[in-house]
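As structure tokens, one chain now follows by itself in the form predicted on its own.
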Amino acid sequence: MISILIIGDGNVASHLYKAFSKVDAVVVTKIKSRNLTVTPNADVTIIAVSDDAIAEVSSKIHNSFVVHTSGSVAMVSLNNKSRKGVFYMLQTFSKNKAIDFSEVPFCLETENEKDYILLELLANLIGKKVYGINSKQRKALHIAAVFVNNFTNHMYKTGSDICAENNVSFAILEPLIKETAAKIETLSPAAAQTGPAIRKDQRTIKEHLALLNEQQQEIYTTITKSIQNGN
């Protein structure tokens, strides 16, 4: 039986706790980061708090093996005096949206092979996709994820605003959104690119800009130039 302590009360901590609670091979406990006066012993302590709090929280933990779940924080930023590691799941987590962990990439990093094998075992108990990723690679992945997830979602929000301003249902765009995401399973993103920017259709681009507010124009112009420059 492997004992796991999860520290945190956000989206990642909540989903991890639910997933491990269904596994017979582990016993899992979850506490809030402010309740570190008495920290339960565990084989693996998983810190799932905000990036800025990782160093401080880890400095208060005396368990033998401590990992964090951040995509952008280096493993060496952990301030515990024992073994360190990273248990990063590259996915967007919302508290009330169920997660299929079999589709979630687990990006692992440890100081030694024995600890990596342990984290790999834990990842495979709830998921299927496991990768050995160092801190530099993980930071690059996190930046890429911001583009394909956070920035893309902001594009959805901008599109939704334009629809609302013109009394059009955003739902009409949903099949397009799904097809765009599905395309990159068989095509590279570069090969899948379509639209007036890649066609250099200046007349359409000017007409689009005329319909947008100042902030939307800035976004539209910047992305159009990036597409046309092949960036």
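None of the values given here were measured: they were computed from a predicted structure. From 1 onward, residues are counted along the sequence shown.
There is another form of this protein, the form predicted together with another copy of the chain, and it is not shown here; the text below is about that form.
- Although the partner is absent here, L125 lies well away from another copy of the chain in the predicted complex, with no heavy atom inside 4.5 Å.
- By the criterion of a heavy atom within 4.5 Å, R83 is excluded from the residues contacting another copy of the chain in the predicted complex.
- At the 4.5 Å threshold, heavy atoms of A144 reach another copy of the chain in the predicted complex.
- At a distance threshold of 4.5 angstroms between non-hydrogen atoms, S3 is out of contact with another copy of the chain in the predicted complex.
- Checking 168-176, 39-47, 56-64, 26-34 against another copy of the chain in the predicted complex, the stretch whose residues place heavy atoms within 4.5 Å of it is 168-176.
- Along 187-210, these residues reach a heavy atom to within 4.5 Å of another copy of the chain in the predicted complex: L187, P189, A190, A192, Q193, T194, G195, P196, R199, D201, R203, T204, E207, H208.
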